[in-house]
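Okay, here we've got a single chain as structure tokens, the form predicted on its own, with questions on binding and movement later.
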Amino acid sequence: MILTVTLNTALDITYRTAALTPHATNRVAEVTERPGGKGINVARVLAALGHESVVTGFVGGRTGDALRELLAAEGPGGKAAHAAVSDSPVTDALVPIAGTTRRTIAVVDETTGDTTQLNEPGPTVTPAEWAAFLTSYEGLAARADAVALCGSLPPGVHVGAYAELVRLARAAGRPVLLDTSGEPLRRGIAARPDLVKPNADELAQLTGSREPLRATRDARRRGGRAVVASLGAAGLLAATPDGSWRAAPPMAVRGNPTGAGDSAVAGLLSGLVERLPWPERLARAVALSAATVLAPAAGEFDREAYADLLPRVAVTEQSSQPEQESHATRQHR
């Protein structure tokens, strides 16, 4: 079982419009609602890859009720089931709170393919609710093959929360992945997670460097056993105990990027549990990320696109010197 943690869950709402015009009335052609938050997206993709997945975090209010209903409906036979859902549903171990779960709004312009994102802040979590979560988390982490800590912290949760959760997972002997930003990332990486996945901006904010390879290696020195940086359309850059690699998709893709980074996390996490070599983990992560951009709704991935892209992802080993060009390119097959 793989445990994913989403402290700031969300109901993801996607609006599709023929053309988004600022300062005007825009007619919406299609609306979709999905259970969201980074860890829930990760769990959904893990389940589609055949891994038993459990989600935990906070949920509350009518929005939270809708999220849980939709999550249950995504299982086998559920009315929301689709091609990216496996025979094993995501298990709901979310912790109820008094506050109301947030919404995120993605507005997709069908003409340009661009997406405008609006994210609500999330409910305030009380000290008693945090204590209840910790009790549940310790029990779940002890049974997990791996743990993923994903996304922003809701109001009321202390800034060192992810560092605390990393330490608890490590104390239980479980590998743990951290995917967050800002001060929670800075504190969390010092707790020595097994894998950290920042994007380029988060990595630069953490290290002060805009040179990706130098920055990923700096992040390792700050505590991450392995660091995989998302470079957007350019793919992924990994600095690991076994070496450094770049992985790039064979082409640029346009669509809704919501959940693309989460699909990359699912690829990395599944590869970790399956003990795949790093080049294979990175190729899977890049292909899943691109296939998510091509999917019609947030948190899904296009299976046909994934199968097509996977063997064409280029994985390039990096030299030991950040300023030098890579010295070996291997096409992942």
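Take the two forms, superpose them, and find the largest set of C-alpha atoms that agree within 1.5 Å; that set is the rigid core. We number the residues from 1 along the sequence you see. No experiment lies behind these values; they were computed from the predicted model shown.
Form predicted together with another copy of the chain: not shown, discussed below.
K.L.:
For the spot marked by P22, I105 and D109, is every residue within 4.5 Å of another copy of the chain in the model of the complex through some heavy atom?
P.N.:
All three within 4.5 Å in the model of the complex.
K.L.:
Is there a non-hydrogen atom of D114 within 4.5 angstroms of a non-hydrogen atom of another copy of the chain in the model of the complex?
P.N.:
Result yes; D114 sits at the interface with another copy of the chain in the model of the complex.
K.L.:
Taking heavy atoms only, is E280 within 4.5 angstroms of another copy of the chain in the model of the complex?
P.N.:
Because no heavy atom of E280 falls inside 4.5 Å of another copy of the chain in the model of the complex, the answer is no.
K.L.:
Within a 4.5 Å heavy atom cut-off, is L310 in contact with another copy of the chain in the model of the complex?
P.N.:
Outside the cut-off, so no.
K.L.:
Looking in the model of the complex, any heavy atom of P241 within 4.5 Å of another copy of the chain?
P.N.:
Looking in the model of the complex, residue contacts with another copy of the chain do not include P241, since no heavy atom lies within 4.5 Å.
K.L.:
With another copy of the chain left out of view, choose which of G173, P127, P121, G208 has a non-hydrogen atom within 4.5 angstroms of it in the model of the complex.
P.N.:
Partner contact (heavy atom, 4.5 Å) among the options: P121.
K.L.:
Which of these stretches, 39-47, 58-66, 301-309, 288-296, has heavy atoms within 4.5 Å of another copy of the chain in the model of the complex?
P.N.:
Selected stretch: 58-66.
K.L.:
Going through 24-63, which residues have a heavy atom within 4.5 Å of another copy of the chain in the model of the complex? Please give them in sequence order.
P.N.:
The stretch touches the partner through A24, T25, N26, R27, V28, A29, V31, E33, R62.
K.L.:
Would you tell me if V28 moves between this form and the one not shown by 2 Å or more at its C-alpha, with the rigid core held superposed?
P.N.:
Shift at V28: 2 Å or more after core fit.
K.L.:
Superposing on the rigid core, do we see a C-alpha displacement of 2 Å or more at D109 between this form and the one not shown?
P.N.:
After core superposition, the displacement of the D109 C-alpha between this form and the one not shown reaches the 2 Å mark, so yes.
K.L.:
So, does A314 move by 2 Å or more at the CA between this form and the one not shown, with the core held fixed?
P.N.:
Moves: no, less than 2 Å.
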